[in-house]
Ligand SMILES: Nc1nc2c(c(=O)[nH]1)N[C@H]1C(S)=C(S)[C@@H](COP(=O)(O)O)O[C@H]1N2
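The chain below stands alone and is given as structure tokens, in the form predicted on its own.
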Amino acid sequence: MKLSRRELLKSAPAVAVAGGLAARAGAEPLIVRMEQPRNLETPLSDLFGDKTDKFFVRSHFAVPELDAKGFKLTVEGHVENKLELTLADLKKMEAVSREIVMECAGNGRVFLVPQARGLQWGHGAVGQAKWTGVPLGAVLERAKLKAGAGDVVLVGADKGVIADPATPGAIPFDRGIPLAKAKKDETLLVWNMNDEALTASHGAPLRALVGGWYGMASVKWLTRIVVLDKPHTGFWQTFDYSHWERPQDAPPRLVPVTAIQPKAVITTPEAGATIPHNKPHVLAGWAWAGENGVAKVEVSTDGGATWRDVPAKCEPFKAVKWQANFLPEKKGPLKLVARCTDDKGTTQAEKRDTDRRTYMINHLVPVEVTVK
């Protein structure tokens, strides 16, 4: 399925839009982080908006050509009943809708020092949408899992060759999730996004939605589900989308990236802005915490030396907008910082944890402005 002309126009590079399209549309375009395959970031001004065409796009390979009418989802492996389900079959099941945050595992990578490999996302590879589909657990019930079922591998129709480390030819994008997570209410097979059919760039005709986990688990263009009797050890589970874990009584080991970490970001003012001296100003942004709720947001207008609470709480899987007023009393450079604490007591760390490699980026990132 190829990107429609409408989708291409909505995600046009900033250079192309500068000729007049942005002015006519009256909106800031998505930021192109990679031309092919298409990877697009949401501008801070549109972060957590309700428009699908402003939702970030993450693609590992070219968009596959899929026909919704001829589409079939295969469920196989460690099951009693192998299934082949059409989109119509899935839509006959009891559908549910959930508003859930999705965040790319590399969101914020541009703030890593030294620079790390991978797409150089700012803060905009995150969004919240209303997703509609069926629980993955209900589909697995139909397949009747055999005793000892382990990881549930979600396989997309997109595929390609990875050069470093080299893959054995073209491989599909896939991701294994533990059976316990696969059966959770927040894990869905979805065909609608914000009450409209999925677009090609967002995984049409069917994608996974693994709520509370980073976006690599929410496999797009889903065509196959394989139930294993052991943990999945594929490329995207080991070489990529993994991080170091340090057990107390064992050597360090690589484990898959999973749960979204608590994070607060500042959207107003933006980095590099000049703000008036000794006049009230608004500091605003968003916070989220994946599987956990947001319990507290704090802000600092002196680079983290002192902090104050701002009203901001939300339930798990969602994001909350926060706002605070402040008075810049001194002229010169100023560092603004925000941090989130989830309802389990985990607060964003000041410094980067290098064991996370290039993923799970939620350390504090000051926004530097100038007061004049």
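Position 1 is the first residue in the sequence shown; the rest follow in order. Here the structure is a predicted model, which is why all the values come from computation and not from measurement.
Another form, the form predicted in complex with the named molecule, is not on view; read the next lines as being about it.
Visitor: Although the named molecule is absent from this view, report whether residue 55 comes within 4.5 Å of it in the predicted complex, heavy atoms only.
Guide: Result yes; residue 55 sits at the interface with the named molecule in the predicted complex.
Visitor: Contact between residue 158 and the named molecule in the predicted complex at 4.5 Å, heavy atoms?
Guide: Heavy-atom contact with the named molecule at 4.5 Å: present for residue 158.
Visitor: Please determine whether residue 145 contacts the named molecule in the predicted complex, using a 4.5 Å cut-off between heavy atoms.
Guide: Output for residue 145 is no: heavy atoms all beyond 4.5 Å of the named molecule.
Visitor: Against the named molecule in the predicted complex, would residue 60 count as a contact residue? Criterion: heavy atoms within 4.5 Å.
Guide: Yes - in the predicted complex, heavy atoms of residue 60 and the named molecule come within 4.5 Å of each other.
Visitor: Within 4.5 Å of the named molecule in the predicted complex, do we find a heavy atom from each of 257, 288 and 360?
Guide: Looking in the predicted complex, the three residues 257, 288 and 360 all stay beyond 4.5 Å of the named molecule (heavy atoms).
Visitor: I need to confirm a contact call. Of 202, 98, 78, 281, which residue comes within 4.5 Å of the named molecule in the predicted complex, counting heavy atoms only?
Guide: Contact with the named molecule in the predicted complex is made by 202 alone.
Visitor: Considering the named molecule in the predicted complex, which of 219, 225, 188, 264 comes within 4.5 Å of it through any heavy atom?
Guide: Selected residue: 219.
Visitor: Specify the contacting stretch among 290 to 298, 100 to 108, 163 to 171, 134 to 142, defined as having any heavy atom within 4.5 Å of the named molecule in the predicted complex.
Guide: Looking at the other structure, the answer is 100 to 108.
Visitor: Counting only non-hydrogen atoms and a 4.5 Å cut-off, give the residues of 231 to 247 close to the named molecule in the predicted complex.
Guide: Heavy-atom contacts within 4.5 Å come from 241 alone.
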